[in-house]
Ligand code: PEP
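What follows is one chain in structure tokens, specifically the form predicted alone.
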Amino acid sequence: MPPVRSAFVAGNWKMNGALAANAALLEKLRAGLPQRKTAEIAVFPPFPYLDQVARLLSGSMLFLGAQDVSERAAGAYTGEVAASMLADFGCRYVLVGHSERRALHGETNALVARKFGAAQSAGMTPILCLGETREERQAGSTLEVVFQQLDAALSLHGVAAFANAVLAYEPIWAIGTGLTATPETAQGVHQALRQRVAKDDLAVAADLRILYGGSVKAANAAALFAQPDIDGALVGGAALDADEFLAICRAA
């Protein structure tokens, strides 16, 4: 029988939020989720709201995640946030290598790989984000690009580290644009990523959850999740709309 991977929906709030808006959103999410856990769901608020969101999630099925983490453990690094600090607030997950961090802050594959290790060192699960630009896709370089991003972490930490990790394929050309890779196109990349990990360890690859990110919404979620190697979604804008996010969670 094929492995049974639990579905996972991650809501990335990006640089959005306010105390009142956060409370209203989470109240709707808690009320709208089924009582029986059928998928793993996590929200990723900006750093200043981690304490508030952690308290509002207490006793619920929702998990807490962070949008980024420092590669360094502590020290004179103004503006950085260490993995141990995120763990103190109850973060179970942390995004590393999101395309916006790579593009806007110049994060390299090597830096992202170190952040991957920093998250694990504090007992958290990194969600390693991978994806190509429109130009790279048009040039036929999609797999070359995402394999380079994946291999940086594989070579630094070894395949065993991926037993406590999640991948998120997020084609950059589909983030916030309204464009979405077809389910078949996304499945092709997800399958290739799983096969890449399987070269090192079949069992780790079989259990590895790979999320799709890129204008995921209620209207396309079910078709994406029906693909054999798509295990859930990394949701951006729709994560700020309770009804839309709940519909995506139900699809998972």
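Predicted, not measured: the structure shown is a model, and the values here were computed from it. Residues carry their position along the shown sequence, with the first being 1.
Here the subject shifts to the form predicted in complex with phosphoenolpyruvate, a form of this protein not shown in this document.
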In contact with phosphoenolpyruvate in the model of the complex (heavy atoms, 4.5 Å), from 54-62, 211-219, 24-32, 195-203, is stretch 211-219
Among Gly75, Gly158, Gly176, Gly140, which has any heavy atom within 4.5 Å of phosphoenolpyruvate in the model of the complex? Gly176
At 4.5 Å between heavy atoms, is Gly237 in contact with phosphoenolpyruvate in the model of the complex? yes
Residue-level question: is Glu132 within 4.5 Å of phosphoenolpyruvate in the model of the complex, judged on heavy atoms? no
In the model of the complex, does Glu100 come within 4.5 Å of phosphoenolpyruvate, counting heavy atoms only? yes
